[in-house]
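So this first bit is one chain, no partners, the form predicted alone, shown in structure tokens.
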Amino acid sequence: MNNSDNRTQPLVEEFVRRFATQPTYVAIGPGRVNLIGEHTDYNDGYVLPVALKRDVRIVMRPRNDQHVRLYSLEYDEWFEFDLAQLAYNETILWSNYVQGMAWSLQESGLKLVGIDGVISGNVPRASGLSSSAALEVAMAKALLTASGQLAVLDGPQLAKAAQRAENQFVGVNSGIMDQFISVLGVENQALFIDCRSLAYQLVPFPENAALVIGNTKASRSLAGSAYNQRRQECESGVALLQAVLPGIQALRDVSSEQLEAHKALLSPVVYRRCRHVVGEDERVLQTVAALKQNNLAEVGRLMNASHESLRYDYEVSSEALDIMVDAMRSVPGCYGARLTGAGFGGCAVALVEPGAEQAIADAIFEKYPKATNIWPEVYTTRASTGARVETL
């Protein structure tokens, strides 16, 4: 068996127990952490994520009809549906990501066949590490493999199909980054993505660095409404700036100098929102240049600056995230740390020297629970490989 680690074998055994036959494939969709470039994607900007070593796996066997039978290990529940009769399910929410993926692939004109499958994920849910995109991408790979069409869509096309599933079937207005990195991640590489053109470029992730991710486990109840509000604030900023900068379509077309020159047009709040996005796009480009030169001190400085901008200008940090980031930064060997994801909870990420991971985890476990009364989770990772299918 060509499974990439010891996560697949227990799922094979579960499949045999549930379906009384042997599975033939495992489809794998990784989660992601964004190194820098937050709230830039819906402003046509730049992002720099890496794929995680944590993923969603679907151990499966193709069927010769249109029926899909899935068992979720973590939820301990079944969901069955027919590919010709897809309908949003109000009670089993995870089912909408797999149904949405089937809907989106069929909307692309592909003829699918059903599968039997066992789903398991170790990407923490509701943490800002994109468990939803991991599930969508794993399901896409499973369905395409079952129907003998794995090579029909290239990486960007598959990512766009997964985004469409989330936007139009699930009803979450996400950008393209999560699906893109889940599909196109490469081991020991970050992925620089232009969210307007979808051009992308691999950027070497340095051998002399690792990532420590701290999960605040704090509620993200504000995230949805505040996310939509931030989008509106950015769009209103663009509309006002177009009066004096007629060529611009989005904040990615505005430089820091132009924004400062015309700040009087904007309310203080809208100005701060725009200042974050414009500055963040510039920080992403500077981070790519610093990574290519293996200048980790500069990458860390830019990550720190990103967090301060998200905290004070975009106002999407939280007390929990700030405490987590401060705990990470308190340890020698931490180059820099910032919140990652939409904010209001979820995770922070630190770029660290190899060997410093345990000391940073210890500092988090010592300081964070005292300040918040919440026990966090800590994960260590490097840039990992993207979605794939392995034969069992």
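Everything quoted here is computed from the prediction, not taken from an experiment. All residue numbers are counted from 1 along the displayed sequence.
Below, we turn to the form predicted in complex with alpha-D-galactopyranose (GLA), even though it does not appear here.
A heavy atom within 4.5 Å of alpha-D-galactopyranose (GLA) in the predicted bound form is found for exactly one of Y227, F81, Y271, W103: Y227.
A single residue from the set T145, N215, Q286, S174 has any heavy atom within 4.5 angstroms of alpha-D-galactopyranose (GLA) in the predicted bound form; that residue is S174. Contact check for D55: every heavy atom lies farther than 4.5 Å from alpha-D-galactopyranose (GLA) in the predicted bound form. Although the partner is absent here, Y42 is a contact residue: one of its heavy atoms lies within 4.5 angstroms of alpha-D-galactopyranose (GLA) in the predicted bound form. Taking the partner from elsewhere, G345 is found to have every heavy atom lying beyond 4.5 Å of alpha-D-galactopyranose (GLA) in the predicted bound form. Taking non-hydrogen atoms only, G336 never approaches alpha-D-galactopyranose (GLA) to within 4.5 angstroms in the predicted bound form.
Partner proximity in the predicted bound form, defined as non-hydrogen atoms within 4.5 angstroms of alpha-D-galactopyranose (GLA), places exactly one of 319 to 327, 33 to 41, 345 to 353, 63 to 71 at the interface: 33 to 41.
Residue D178 is the sole member of 178 to 198 found to place a heavy atom within 4.5 Å of alpha-D-galactopyranose (GLA) in the predicted bound form.
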